[in-house]
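The chain below stands alone, shown as structure tokens; this is the form predicted alone.
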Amino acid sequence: MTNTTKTILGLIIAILVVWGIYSILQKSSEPMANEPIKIGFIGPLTGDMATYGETEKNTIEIALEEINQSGELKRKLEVIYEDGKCSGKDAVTAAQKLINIDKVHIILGGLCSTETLGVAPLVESNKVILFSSLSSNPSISQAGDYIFRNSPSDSEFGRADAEFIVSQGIKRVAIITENTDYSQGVREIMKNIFQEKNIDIVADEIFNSGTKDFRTYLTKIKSVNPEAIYINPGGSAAVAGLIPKQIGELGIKNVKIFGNFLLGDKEALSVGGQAMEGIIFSDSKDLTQLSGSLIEKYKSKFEKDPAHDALVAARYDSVYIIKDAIKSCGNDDSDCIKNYLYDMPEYSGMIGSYKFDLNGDLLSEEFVIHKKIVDGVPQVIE
């Protein structure tokens, strides 16, 4: 073999080696055809709101099973669950892990407004889609272009509650509020409306999460003789039952009690007992006609009731909307997914027909109704 032939063979071998290495690197940088599409989840899987986080997780699993069985995306859709603990700090830690280690481009969450607002700057700077189905603080509307929610803003609930109280002819109101983003959002909206309507806010008490004894706050409220008390918890259904119970123990009588959706929770009803009777609270509209079969499927699969029917319906819708976006854009193109969501045709889902406005907020009809607890059971006020 001549030197020239050896040189040519050496060059050919070198080229083949380089080409092989390049091919391997290219293949390793691209997802395998059978590799699952991974998206993230952030919500309270432990702590006072864990039943709501569990409800979201279970609902997502129902939707994933249906989508994956259909084969519509060609690849399996998989969710990586992280515990946000209803805390901004813990939610940020969870988001950092999902973005930097798991390399997700879509996160379902947060559930609590504190989680969503906490991670908003991080997802925005990394161009990661964040899709909540319960966070309702009004500030979320301005939190970023990559942030969406298919739950009503607190402005809807706060306005509906304040206007309902005004409609009852009440002139003197006391408010007791948990120091969470959700509750503070409701409080600010209600205070503004009360001031517009010349309603006297005779007490405006704020308590920290984890508080169990409310007697100091309630004693102050008792001393100013309100006609109504608005109970505004944000992180614990047990607290929603403890406050009415302690109102009764302190002998605060001849006062009407109102509150947010947590007062209708089964745990609140259990903790508060007889003290819950007659309380009026706001809730999402009845979705039985739209999502009845889904709720029954949930109960059958997990052998328990969900924490909240509307949360099941909204989170189920969100997974299918994300599926449609991935089908249209692929998993990695966050800008395409963002634009898809903003331009999405009206979606007919379990919570009705809706789309998103320019802030990524739910654009649809009123979702708020009021219920009264009668014989221990919440009943819709007609």
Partner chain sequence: MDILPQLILNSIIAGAIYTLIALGFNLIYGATKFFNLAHGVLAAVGGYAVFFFAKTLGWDIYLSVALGILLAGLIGLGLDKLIYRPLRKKKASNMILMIASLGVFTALQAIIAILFTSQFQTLSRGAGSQKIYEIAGGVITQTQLLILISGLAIMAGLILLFKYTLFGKAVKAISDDEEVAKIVGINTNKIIGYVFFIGSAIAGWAGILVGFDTGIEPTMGMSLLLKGVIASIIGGVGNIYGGVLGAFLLGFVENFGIWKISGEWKDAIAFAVLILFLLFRPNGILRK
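Positions refer to the first chain, counted from 1. Since this is a predicted model, take the numbers as computed values, not measurements.
Quick note: we don't show the form predicted together with the partner chain, though the next part is all about it.
Novice: Closest heavy atom of residue 272 to the partner chain in the model of the complex, within 4.5 Å or not?
Specialist: Yes.
Novice: Can any non-hydrogen atom of residue 248 be found within 4.5 angstroms of the partner chain in the model of the complex?
Specialist: Yes, residue 248 sits close enough to the partner chain in the model of the complex that at least one of its heavy atoms falls within 4.5 Å.
Novice: Counting only non-hydrogen atoms and a 4.5 angstroms cut-off, does residue 293 reach the partner chain in the model of the complex?
Specialist: Close contact is absent here: in the model of the complex, residue 293 is far from the partner chain, nothing within 4.5 Å, heavy atoms only.
Novice: If we define contact as a non-hydrogen atom of the residue within 4.5 angstroms of the partner, is residue 267 a contact of the partner chain in the model of the complex?
Specialist: Taking the distances in the model of the complex, the answer for residue 267 is yes, it comes within 4.5 Å of the partner chain.
Novice: Given a 4.5 Å cut-off on heavy atoms, tell me which of 295-303, 79-87, 136-144, 248-256 is the interface stretch with the partner chain in the model of the complex.
Specialist: Comparing against the partner chain in the model of the complex, the contact stretch is 248-256.
Novice: Only one of 215, 97, 75, 172 gets a heavy atom within 4.5 Å of the partner chain in the model of the complex. Which one?
Specialist: Comparing distances to the partner chain in the model of the complex, the residue within 4.5 Å is 215.
Novice: Which of these residues, 188, 200, 163, 205, gets a heavy atom within 4.5 Å of the partner chain in the model of the complex?
Specialist: Contact with the partner chain in the model of the complex is made by 205 alone.
Novice: Does the partner chain, in the model of the complex, lie within 4.5 angstroms of each residue among 34, 58 and 62, using heavy atoms as the measure?
Specialist: Not a single listed residue reaches the partner chain in the model of the complex, so no.
Novice: Scan 219-246 and write down, in order along the chain, each residue with a heavy atom lying within 4.5 Å of the partner chain in the model of the complex.
Specialist: If the 4.5 Å heavy-atom criterion is applied to the partner chain in the model of the complex, 219-246 yields 219, 220, 222, 223, 238, 242, 245, 246.
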